[in-house]
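Next up is one chain by itself, shown in structure tokens, the form predicted on its own.
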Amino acid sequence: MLFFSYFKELVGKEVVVELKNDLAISGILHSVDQYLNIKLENTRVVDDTKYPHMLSVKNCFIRGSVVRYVQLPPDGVDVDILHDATRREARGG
């Protein structure tokens, strides 16, 4: 639940989601659920020359099991919150 709680804090910010098939999609994080399924709005493909068929996609739902990485905005990383959440998770509560 650590990552789920953290990603909920990033709703409304721009993120880049890299999938296991090497497709990277940038967009505004609209929602995330407990399975880390992600819904993005105002999407664009990072490498549009390699994936020209994705240019018309503006919103997408990404299943959590196909996500390799999520690149966060630099201002979206609050190290103190992550440290506190990690300590609470380690204590079991």
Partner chain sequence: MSWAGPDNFPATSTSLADNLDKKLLVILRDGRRIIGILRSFDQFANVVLEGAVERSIVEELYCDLPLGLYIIRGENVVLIGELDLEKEELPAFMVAVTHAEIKQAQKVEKDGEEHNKVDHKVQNVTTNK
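Numbering follows the first chain given and starts at 1. All values reported here derive from a predicted model rather than from experimental measurement.
The form predicted in complex with the partner chain exists for this protein as well; it is not shown, and the discussion that follows is about that form.
- Among residues of the shown chain, Val66 is one whose heavy atoms approach the partner chain to within 4.5 Å in the predicted bound form.
- In the predicted bound form, the partner chain lies farther than 4.5 Å from every heavy atom of Leu72.
- Put simply, Ile25 is close to the partner chain in the predicted bound form: some heavy atom of it is within 4.5 Å.
- Heavy atoms of Arg44 never reach within 4.5 Å of the partner chain in the predicted bound form, leaving it off the interface.
- In the predicted bound form, the residues of 56-85 lying within 4.5 Å of the partner chain by at least one heavy atom are, in order, Ser56, Val57, Lys58, Asn59, Cys60, Phe61, Ile62, Arg63, Val66.
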